[in-house]
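As a starting point, one isolated chain is supplied in structure tokens, in the form predicted on its own.
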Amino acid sequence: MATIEQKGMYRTFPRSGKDVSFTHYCPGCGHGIINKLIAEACAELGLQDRTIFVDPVGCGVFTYYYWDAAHISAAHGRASAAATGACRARPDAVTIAYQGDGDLGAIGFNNAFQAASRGERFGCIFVNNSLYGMTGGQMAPTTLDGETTTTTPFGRDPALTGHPLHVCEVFSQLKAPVYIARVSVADTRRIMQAKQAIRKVFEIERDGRGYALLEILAPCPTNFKMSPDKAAAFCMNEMEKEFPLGVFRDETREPLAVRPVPRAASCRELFAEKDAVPAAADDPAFPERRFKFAGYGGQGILSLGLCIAEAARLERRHTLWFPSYGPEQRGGSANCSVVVSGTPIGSPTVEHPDVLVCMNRPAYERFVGDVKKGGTVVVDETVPVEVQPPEGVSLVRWPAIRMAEEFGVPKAANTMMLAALKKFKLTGLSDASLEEALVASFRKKPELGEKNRELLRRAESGARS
């Protein structure tokens, strides 16, 4: 029968193409102990097949070689952001972000702080060894006053670099976290306490209670330039003075409250009634179509993309809408991507659209070269076409802005562009669905919905008055 350690960790670790039975950590490093405690807790609670670990950049970067569970590798400082996506996409999973003090305390602090403020349903195990371990022992936000590092050779000077960051104390000011604690792995008694705290984090996430932060003080003999026993003593005698051990918050004694799982709004919620649009149905015969809509903020670019996405939803197609816009509410650049498919979609980004719709010159010149061969560019007639589309790409110049002005509704230029997509059959969607989606976008002002339907039909037929 396999032991608990064998269940929680792989038997061998194929780093650098070699199967070895030892980790990459330095002798006396706290990470190795913490890794073993995490694997034990995960296996003992029977959560191995439910757990998603988010691996950091830093000394813990190779944990996917060690823990026998699902893993996501995050960019430096972004483990909390990746964990947010994982726990929202898989609310049934136990999501654990593993981060160091340089990773979480510096570049990733706002990611972690905001995730905690939102009460995301994941646990963050935060290893504090008071410096940047993997990259050479530089000063970190948690470096002690007077502590010597490679970037503070004369000791950290608070007058120049401030005082150490107390992550648990800062996070304790937030309302949402359910558990915040600090432990250590500097000696046997502390290691046993750390194991219980790690186990508690797994239990919290298993039960879906909310956000949990566990800070673990760990020795770093190599960068402390000390023997393992002296590094452990430094951790107990110096680091614990600055970072007292203890539980800062524990709301797990309260009855488990049913909390909604945070998620993004769907096109259905943005437009139609919740029960009016059925779930997407697979149809491999329907080819994937990618759209890019671009122009100035205030021209209805994002709304136009949403109309296409909602029309696709009405026809039970898989669809994704992804906006991008500048800092200005009006007048800045804006664009959005829409993907419509008969099968599940892997990514909302559109780098090479089948259809590009442009309402201004900057948008046209920025995106026209990206359109796929066989695709179509629809551009407002006011835009000078000095840059020609790629070979094999059709160009349609459409008087959207002029027609909207002639109809007496200048803000309806996006509806005029929808008329072009409808007239030239560029969406693969039915006329009825496109019109219904347009009307639904004005559900708070029904009279505008019907008026825009009329404008859409007039524009499509080429009416001028």
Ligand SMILES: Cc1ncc(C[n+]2csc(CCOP(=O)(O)OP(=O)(O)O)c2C)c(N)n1
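A quick note: this is a predicted structure, and the numbers were derived from the prediction, not measured. Throughout, we count residues from 1 along the sequence that is shown.
Below, we refer to the form predicted in complex with this ligand, which is not included among the displayed structures.
With a 4.5 Å cutoff on heavy atoms, Val54 does not count as touching this ligand in the predicted bound form; it lies far away. When this ligand is considered in the predicted bound form, Glu120 lies well away from it, no heavy atom lying within 4.5 Å. In the predicted bound form, none of the heavy atoms of Gly295 sits within 4.5 Å of a heavy atom of this ligand. By the criterion of a heavy atom within 4.5 Å, Cys59 is counted among the residues contacting this ligand in the predicted bound form.
With the partner omitted from this view, the residue of Ala233, Val393, Leu165, Ile107 that lies near this ligand in the predicted bound form is Ile107 [heavy atom within 4.5 Å]. Tyr132 is the sole member of Phe202, Tyr132, Tyr364, Phe243 with a non-hydrogen atom within 4.5 Å of this ligand in the predicted bound form. Figure note: of the listed segments 186-194, 147-155, 308-316, 99-107, the one touching this ligand in the predicted bound form, with heavy atoms no more than 4.5 Å away, is 99-107. Residues of 16-50 that come within 4.5 Å of this ligand in the predicted bound form, judged by any heavy atom, reduce to His31 alone.
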